[in-house]
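Below are two forms of the same protein chain, given as structure tokens: structure 1, then structure 2.
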Structure 1
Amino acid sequence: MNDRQPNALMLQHNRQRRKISDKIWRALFLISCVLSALMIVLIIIFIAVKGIRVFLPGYEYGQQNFWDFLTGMTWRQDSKTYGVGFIVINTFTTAAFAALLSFPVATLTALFIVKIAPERLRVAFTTVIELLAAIPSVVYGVFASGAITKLVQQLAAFFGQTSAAGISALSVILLLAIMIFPTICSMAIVAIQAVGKSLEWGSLALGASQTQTNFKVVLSAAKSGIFAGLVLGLGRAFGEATAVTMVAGNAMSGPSWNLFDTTRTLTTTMLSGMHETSGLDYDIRFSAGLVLMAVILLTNALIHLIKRKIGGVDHE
């Protein structure tokens, strides 16, 4: 048989083999994709099943009352009292205060970077913002427990308050404000960049100054993206665990409106004081996780809603 001219049979055989391998690969592509997409569903199911089990009759370590869990204002491992009500309130208030501090600064910084800064500074600052977002949570945590708590301690002394070595709600707020800054800022940068030039020119042609245009036209045209960034930042703040746990102090009851008091958020509850990997004290962390999951999914839904409802003119 001549090597260079394979007969028709072999050609057909080859083609068939290629067809089969093509089919196998296509199946593999599909399986990988479906597997990846299934992950979020599986995560929700598994956490829900494990988190709800605690409230069902027949739970081996003693059934818990679901209503007491949701509205309880005390969380004590020693007396097996698990109430997540004040923890949810703490989680929301610390995140909200952090966003209150971070949002204006982040938005103005984004405006500066896109519209005001000279070209060279712009590239440098964008890089800086991206790097800030990449710093691991645990590094921020070490920074917070070394620097922020010291600052808070001095503040507390100045106001004549006591604080547990700076471990307090205020430390959590300051830390979160720093940590969500890059999220809000980079979303704002993207939103401001997307504003069409024609809007700006129109405003300038009507006699507005460049600054008036920036603040009144550009910012309001980009507002849906900017607010979506704010909500995304809030989501980050709700879910931030390691760093927050280092400075939160795990108050056993609450909510307390004194910023120098210790606090407890959903994530610190899940992370701290973990000794065993079975029993009620371990399983109830999944229930707290379920509450956190619900909060996060609500936040995600809110982002979609904002993008659709607030509108703005940014997306052509």
Structure 2
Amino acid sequence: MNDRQPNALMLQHNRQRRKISDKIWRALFLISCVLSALMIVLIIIFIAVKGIRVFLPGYEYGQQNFWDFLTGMTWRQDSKTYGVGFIVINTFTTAAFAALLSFPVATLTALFIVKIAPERLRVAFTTVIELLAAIPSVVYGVFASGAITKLVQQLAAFFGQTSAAGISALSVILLLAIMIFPTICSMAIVAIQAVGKSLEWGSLALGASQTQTNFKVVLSAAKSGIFAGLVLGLGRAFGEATAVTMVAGNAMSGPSWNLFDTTRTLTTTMLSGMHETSGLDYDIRFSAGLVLMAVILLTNALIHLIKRKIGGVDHE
């Protein structure tokens, strides 16, 4: 009994110490989450205050009409005409076309790396994907302005179209497709690797081929992670400014459905006016930022809806 009492006291002491340690770590995690959420809230409040004030009565540089701003098809700083209607269309179409090009290629690449490629090739391809994800945006922009624009200019000449030295919507689409590829592919690789082997073995045991198993079982089971990669990729496409500015051209009106015409996105519009520090032209960029956040939220909701329609209701 005497030997058991110290042991029991020691176990009780260890349990209490572990409980205290768990409470401390939970508190640290909670603080981290609150700080992260607070930063997001502060950013939204700051942008909202700056962006909404231009539409309120008594605005010092002249109240703007919100409906005209939202539906306008011209953006001219010289005449104080600010309409983001065509810019929203351009932003969405360029990002959507980039995703249409990049998403299937990235998903198939991830499937090849995880399920088909030999070990050495798998390691090499994974390293390449990681390097592509680490390349700074400005480097992509320099590459696009030097290579993609020339390709687009040659395509325009082949189809009998004119292009401003290749600076066009098509250049933006190709650039964004390359930029979002490593993000989508990396997420798809992680999602496919997380699929349980039992699902794959069960499919093969029922007589399905390896290819049928990969496409109908593995990709289906990994769809949540793959679509999460698409969301992150589109987030980068919508938010990219520096690289896109180099090849977009900042059209003053639109939208133009000719891929060889110059274009303008919400991010390039915001970036082009950041050299100012005050005035209507400066404040209106924050209004464009609010519109951009709304576009991203609506697009993410649409992607989740598509995911549910394709794979059924997701209970994961």
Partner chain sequence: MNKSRRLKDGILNGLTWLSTAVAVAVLLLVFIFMFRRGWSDLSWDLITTDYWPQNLNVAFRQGEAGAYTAPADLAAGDSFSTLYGFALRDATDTKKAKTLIITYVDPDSPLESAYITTAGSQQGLNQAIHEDASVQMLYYQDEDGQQVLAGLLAGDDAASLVQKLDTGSVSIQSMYYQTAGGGIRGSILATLLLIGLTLVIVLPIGILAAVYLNEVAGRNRLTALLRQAIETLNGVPSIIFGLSGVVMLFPVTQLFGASGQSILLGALTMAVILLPVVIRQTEEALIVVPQSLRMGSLALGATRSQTIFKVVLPNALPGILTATLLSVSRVIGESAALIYTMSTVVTDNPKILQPATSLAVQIWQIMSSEQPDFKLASAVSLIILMMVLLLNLTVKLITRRLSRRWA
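Please note that residue numbering is based on structure 1, beginning with 1 at the start of its sequence. Note that this is a predicted model, so its numbers are computed, not measured. Basically, rigid core = biggest C-alpha set you can superpose within 1.5 Å across the two forms.
Peer 1: Quick check: structure 1 or structure 2 for the form predicted together with its partner chain?
Peer 2: Here the form predicted together with its partner chain corresponds to structure 1.
Peer 1: Rigid core superposed, Leu298 Cα shift between structure 1 and structure 2 in Å?
Peer 2: Value for Leu298 between structure 1 and structure 2: 4.3 Å of C-alpha shift.
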